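Okay, so here's just one chain, in structure tokens, the form predicted alone.
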Amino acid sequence: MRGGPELHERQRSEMVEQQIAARGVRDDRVLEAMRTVPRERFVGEEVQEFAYEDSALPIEARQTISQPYVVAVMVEALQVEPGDRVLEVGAGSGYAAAVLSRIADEVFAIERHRILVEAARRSLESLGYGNVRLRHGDGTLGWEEEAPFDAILVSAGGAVPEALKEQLAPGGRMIIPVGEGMGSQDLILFQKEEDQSLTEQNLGAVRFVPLIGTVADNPGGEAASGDNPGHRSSQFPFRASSAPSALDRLRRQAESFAGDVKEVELSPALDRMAGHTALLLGEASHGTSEFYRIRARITRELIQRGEIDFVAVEADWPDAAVLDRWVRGVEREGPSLAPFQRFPRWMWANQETLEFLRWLRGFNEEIQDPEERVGFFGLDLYSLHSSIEEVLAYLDDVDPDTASLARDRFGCLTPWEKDPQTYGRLASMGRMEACEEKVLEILQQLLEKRLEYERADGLKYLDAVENARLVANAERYYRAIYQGPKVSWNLRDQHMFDTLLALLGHHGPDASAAVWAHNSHLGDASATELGAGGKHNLGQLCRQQFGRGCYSVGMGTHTGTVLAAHDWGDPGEIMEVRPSLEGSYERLCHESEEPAFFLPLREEHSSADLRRELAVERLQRAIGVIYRPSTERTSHYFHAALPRQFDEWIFLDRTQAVEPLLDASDAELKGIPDMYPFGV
């Protein structure tokens, strides 16, 4: 077993506080039950280290154990009390039944996969949970001889079986996902009245596997192409809808604009964003033109006001250093590596970024003192992207399975995609550890080679310190790739935060920075699934460090096009962005019928009623350099509480892909100055 009892107990406590209580579950009995039941006992040993992450985990029969938050929300909604008799349909691993058993008198659980019934029985017996009875059978028929039940929990979606309605006691409650397809279900709470009628309450959209049985087969419920049909519940139920009150308040608060971003009147928004140590300007994808252009426009205007001393971006330090020297007009000695020549090149080698850099170079030319010129710096790990290609080439040759996992890890620029099943399989076979030392050796060689080039430049003290720290942290990052997503994510964002602090210190006590990075790095992680899973990010660390001296801005879109790749290392291509999902912040903004707007969210700039409406968790979309439309819900959506995540939200209903820079040999690039920053 990975980790001892004390570790798991501590992780259980953190799970309840961070993933469940912090997100609105208040029933003390539910919270105590979640603290009591050891989730690691209901999954295989190979994934026990993930037992208290905020995710579904694989079990036998190609099924999964639901996220802890899903279980807690459903149990709380049922209002289970001591003395109750509860029926669970779709017992799976037995985890939810175990949680229910810590509150109710008796739990009757039905599961259609015999192998799961046997495994659940072993787990429950080993823990001494004697008030749970298991049955292998058809859950749609219920458990007639033990009826009626005070509460019924159904862990699969479809129509409501008549047998379950009949077996619910007067005054009893039943919770079930209702809907034909995995993408169109609502979590419905039914209550049976004394006259046998059922009242219902919609708790929001969910996504469960179909309810299969004699009377409830769901022919429309198969998994969508590309989804894992074994997922029992791969998303959280969210307690939100596009209620008229939220939509009306949003329309009243939104500061609408139209036309070209270059011509938009920004004064009210600029006044809110000025005067902060760290202005964090996010984006919902790494390949959307409008995000880059409005971010550049805001930064440019604030630089002209004297509000910004330097720009820090989600890019590798050595690549950005070439651009910094170019925009500040600093001569370089010795050879230089051309920046942004490898995947994902378009993330910074695009026309939108180039336009800003050209403007910044021109602005700096009017400043006589080189030390006063506005710089452009990278926050990310040293040689991160340029090293990945070499590492993957090695793994492709010696271990394709591990290479595939590494591609998934590297491709997850947002933290919502994970594959514990694959990780567990490889970890149990010892394959990743066998490759680790060779991968780190390759990395070290690459870092030393790049450092040789940098030594020839006579860089200043800041560069020397950053390069030394980057080498150490990059090696730690690659090692962390083998330890799971939480460790590597936290290390990377901590590194970016430490680099930002070093830059602010270098520029003096009153320095101010504009930071460009993805929403998932800049929105406060504690207000999202990221924080619920034990991860922090740059935005959260900035808020903790600077308080109200940090101002974070997120961006979103409804549809359009994006430049992205299907997988790590694939060529970038322009893809259609699917319309935003029901129940998401993006869909709510789309329903406002405003083409684009600023939405201030900080207390002094917005109404308490709007913040309260928007603080109810909704889905939010995140596209990095990878976009997988066929699995968009699981790959690109997560839950967040927007007013706690950002101080301001910029929405553009329809957007288009960035314009990547062409190869140096292309005729259209003739006449570009020799110091052109992208290796031309």
Ligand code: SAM
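All residue numbers are counted from 1 along the displayed sequence. Rigid core: the largest C-alpha set superposing within 1.5 Å between the two forms. Quantities reported herein were computed from a predicted structural model and do not represent experimental measurements.
If you look for the form predicted in complex with the named molecule, you will not find it shown, but the lines that follow are about it.
Using a 4.5 angstroms limit between non-hydrogen atoms, Gly556 is distant from the named molecule in the predicted bound form.
Proximity of Asp138 to the named molecule in the predicted bound form: non-hydrogen atoms within 4.5 Å are present. Remark: Tyr95 counts among the residues lining the named molecule in the predicted bound form, judged by a heavy atom distance of 4.5 Å or less. When contacts are judged by a 4.5 Å heavy atom cut-off, Leu78 does not count as touching the named molecule in the predicted bound form. The contact residue chosen from Leu538, Ala91, Val107, Leu280 relative to the named molecule in the predicted bound form is Ala91, the criterion being a non-hydrogen atom within 4.5 angstroms.
Checking Thr655, Thr64, Gln620, Gln645 against the named molecule in the predicted bound form, a heavy atom within 4.5 Å turns up for just one residue: Thr64.
Just one listed stretch, out of 286-294, 310-318, 139-147, 342-350, contacts the named molecule in the predicted bound form at the 4.5 Å heavy atom level, and that stretch is 139-147. Counting a residue when any of its non-hydrogen atoms is within 4.5 Å of the named molecule in the predicted bound form, the hits in 99-129 run Ile110, Glu111, Arg112, His113, Leu116. After superposing the rigid core, the Cα of Leu522 is displaced by less than 2 Å between the shown form and the other one.
In this overlay on the rigid core, Gly549 has a C-alpha that sits less than 2 Å away from its partner position between the shown form and the other one. Superposition of the core reveals a Cα shift of less than 2 Å for Thr634 between the shown form and the other one. Cα-Cα spacing of Ser55 to Asn537 is enlarged in the predicted bound form versus the present form (difference of at least 3 Å).
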